[in-house]
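Coming up are structure 1 and structure 2: the same protein chain in two forms, each one given alone as C-alpha cells.
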Structure 1
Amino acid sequence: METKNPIQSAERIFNILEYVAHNGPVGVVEIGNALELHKSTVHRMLLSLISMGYVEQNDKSGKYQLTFKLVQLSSIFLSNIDIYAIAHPYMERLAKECQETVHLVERTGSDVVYIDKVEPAGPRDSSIRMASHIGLLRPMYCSAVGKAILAELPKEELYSIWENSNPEKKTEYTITSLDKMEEELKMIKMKGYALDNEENEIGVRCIAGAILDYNNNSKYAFSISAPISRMTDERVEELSSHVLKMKGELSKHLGNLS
C-alpha cells in the first residue's frame, strides 16, 4: 500500500524532477522503472510538477521534459548571492585558527579589489593592517589572490589579462615574464593554492586560494597574509591545509561539486 508520508512524497517528486532533468524527454514507464516507483505514483507526481510549471508533456510523443522555470529560478538565485555574507564567517574562523589577517577579493578586469578583511583577535604586527584595506585595487599578476584566479582561467583569457596589465617590477621578486608566470600558474593549479613571495610588497608573504563556482569559474579568492618573519616555508606548508579546506567549503557553497 502506498505511503502518504509527505517527506517521502517530497523525496519522490525531487527524484523524478532530477531524473527528467538528466534524461528527458522521458515516459512514465521509464521513470517508474528507473526509480522503482509505481506507474500511478509517477503519473501523479508529474501532474503536480506540470501544475507548478516545472515539467511539460509533449503533445506528440507523450513524453515529459523540463520547462525553463528552473533556469529562471537559478538566475534569480545567482543574482541574489551575497559573497560577503557567505564567506565572512569562514574568514573569521580562518583568522582565528591561523592568527593571521585574511582577505577576500573579487576580480574586476585585470585587477582584483579587496572586498573584505578579517584581523586576528590577538595582537599582531601592524604592518599588514597598514598595507591593506577594503577597496584596495591590485594587479592580478603580482598578488597571491590574483594568481590563484589566473591559474583557473583559459590560456586565451590569461594572455588577454597579461597584455592589459603591463607587468612591471613592484619588487625584485615580481614575475614580469609570461613564460615564468605560466610555469607558476601550472604549479598553483597542481597544488591548489598560490603564493605571493614578496612580489607586491617587501616583507609580506601571502598564501591564497581561488573560490570556484558551479561552472568552475573563479571570480573570487581569499588569502592569508603575514610578515615574512612569520610566514616561513614551514608555516606556508601548515597553512596550505587550512586554505585548501576553506577553498573546498566555499566552492561547494557556490555549487561547485568537482
Structure 2
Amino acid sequence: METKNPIQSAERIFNILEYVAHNGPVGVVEIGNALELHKSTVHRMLLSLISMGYVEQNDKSGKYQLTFKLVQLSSIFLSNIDIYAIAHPYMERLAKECQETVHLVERTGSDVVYIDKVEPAGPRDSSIRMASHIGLLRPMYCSAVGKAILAELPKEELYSIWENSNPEKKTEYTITSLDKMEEELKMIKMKGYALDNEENEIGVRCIAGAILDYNNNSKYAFSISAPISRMTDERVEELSSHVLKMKGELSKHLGNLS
C-alpha cells in the first residue's frame, strides 16, 4: 500500500474483483470470509460489478465469475500503447551514455523489422551508418536483436523460425547450424544479452537485449551497434551492463514483473 485509499468502496470492490479473477467461480460467503467483509456488502458489490458487466453469476452453481470484459479492456489498453514512445527516451539515454547507435526492432515472423534508431549527438562516424534504416527487414538468425528474441522463445517456435529462414553464410561468422544456434541461445538466455560478432556484416558488432512483456513474451529488442574497432571485448563487457539495465527498465515498463 502506497498511500491511503480515499474511497473505501473502491478499495473493497477492486479487492473483490481481484479475488474473483484469481479464484475462479466463487461464492458470496467465501469472498466475505477471505476479505473480511460482511456478506451483504459483498453481495451488493457483486451486483454492482454485474451491472457494469465485469462479473456474471453462473446459472448452474450460483457462483460468481469474471466475464471477458476485463480482458477486452486490457486488450484495448495494450493495443493503444506505443512501444516507440516508451522506448525512445531510453534509447536516447543509451545512445548518449554509450556514444553509439541504438536500434529498436520488432519481430515479424522469422524476421525483425527496424522501427526506431537513435544516433549519438556530435560528429558522425560514417563507417557505422551502414545498412540500417527504419523499416529494414533482417532475418533473426544473423542479428543480435533477432538472437536476443529467439533466446526467449519456446524451442518449438525456434524450430519453426529456423525452417523458414534458410540460414545462409552472410559472413564467415554467421551461424548456420541449428545445433550451434541452440548452444548460442542457451548462452544468451544465461547472460541476458546477445552478441552479433560480425555475423551479418564484417566489421560490425552489436549487443542486443530482448524486451520482455507482462507475460514474459518477447516481441521487441534493442541493440547497440558499432564498428569492431570500437567494440573490443572489454568494451562489450562494459556496454553489456548498460544493455542489461535498460532491458530491465523497459521490460518493467511493459509490465514485466521479474
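Definition used throughout: the rigid core is the maximal C-alpha set that superposes within 1.5 Å between two forms. Keep in mind it's a predicted model, so treat the numbers as computed, not measured. Residue numbering: structure 1 sequence, from 1.
Remark: structure 1 matches the stated condition (the form predicted alone). Comparing the forms between structure 1 and structure 2, the C-alpha position of Y64 differs by 2 angstroms or more, with the core used for superposition. The rigid-core alignment places the CA of G27 2 Å or more apart between structure 1 and structure 2. When the rigid core is held fixed, the Cα atom of R12 travels 2 angstroms or more between structure 1 and structure 2.
Taking the core as the reference frame, the CA atom of E36 shifts 7.7 angstrom between structure 1 and structure 2.
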